[in-house]
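The form predicted alone is given below as one chain in structure tokens.
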């Protein structure tokens, strides 16, 4: 397995750098510039922030202030900088799906959709049209080569690893992607930025979805019609009213606003009956589930590895079995409780929990 270093054997060293105005994308641009790449900095206007619930309280990336920081970095590096308007694409590919999934009792992964369809979809198309065949980002992930095939792998800094959010790229897009920070630690990235006087060196990391002003519940209430329903215990007892059935997510504990002798968790959202089914923690225990719309990096009939089912999930040992070209059956091999949420991504790593073998969307749970 060989790490694809950014300076190895690439004749046409030209790339568009997606600059969000944070320290990671800024340092990404700096590293490429220092390695002799011809680069163009680009920020993406994805969302009209007047649509957010609490515009003055934004703690996100890709805001107008972030664009200013990105421009300052680009000026310091002596590279061209542009802002591309991709609001229509973002609305169609990310926002519409986000609302639709919640209205169907699913919990979407908008950051994954943004990476696949916007940052490495629309931006790559625009970059190619400009004569720049690659897109570089400040993601913490690595691209590795094994027997001539490209694989996506975890970053050296496991605490900052973002490979989970990039699984949907597939091999074809990986050949046009660059992740210069994949072999670096976050602390070292900040040190590089500070040593070179980048204005973003000490800037805090963004934590929220870029289009959410306050909370998912408020966003959905402001951008779709709330549907009231019932919060019902798994035993059948009605416990309270759900102001918007589709603002809940499986595994949620906080915000239920019901009384019970033990802590309760959301077990299921039922669009047909407008019910939020809740129960004690032990009811969250899942042994088997199915992952659909599978993106293959390595074909297999049966294999073992680690399945990651959400951003901060540490992964679970599992048996993965191919059902068909689009579906994989996952059987967990430990007895721990892992919150498995329909609509979220299930990403399969190899037995070393390093290389992505494939991934898709969690749907049927048994």
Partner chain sequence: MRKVYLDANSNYGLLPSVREAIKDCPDLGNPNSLHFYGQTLKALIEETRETVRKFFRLPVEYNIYFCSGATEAANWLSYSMSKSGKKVLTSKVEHACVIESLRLWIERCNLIEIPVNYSCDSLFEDFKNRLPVNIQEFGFLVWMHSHNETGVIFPLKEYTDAIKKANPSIRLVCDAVQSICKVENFQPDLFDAFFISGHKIGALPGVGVLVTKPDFPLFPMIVGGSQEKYMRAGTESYQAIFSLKKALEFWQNCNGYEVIFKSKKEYLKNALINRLGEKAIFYFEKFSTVPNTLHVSFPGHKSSDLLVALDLKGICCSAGSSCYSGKPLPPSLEGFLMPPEISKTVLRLSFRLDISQDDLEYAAEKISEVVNY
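Bear in mind that the values here come from a model prediction, so they are computed numbers and not experimental data. Numbering follows the first chain given and starts at 1.
Not on display, but discussed next: the form predicted in complex with its partner chain.
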Quiz item: Would residue 130 sit within 4.5 Å of its partner chain in the model of the complex, counting heavy atoms only?
Solution: yes
Quiz item: Looking at the partner-bound form in the model of the complex, is residue 89 within 4.5 Å of its partner chain by any heavy atom?
Solution: yes
Quiz item: Does residue 84 reach its partner chain in the model of the complex, with heavy atoms at most 4.5 Å apart?
Solution: yes
Quiz prompt | Close approach of residue 40 to its partner chain in the model of the complex, 4.5 Å, heavy atom | solution = yes
Quiz item: If contact means any heavy atom within 4.5 Å, which of 176 to 184, 76 to 84, 193 to 201, 238 to 246 contacts its partner chain in the model of the complex?
Solution: 76 to 84
Quiz prompt | Selected contact from 99, 233, 268, 126, since only one has a non-hydrogen atom within 4.5 angstroms of its partner chain in the model of the complex | solution = 126
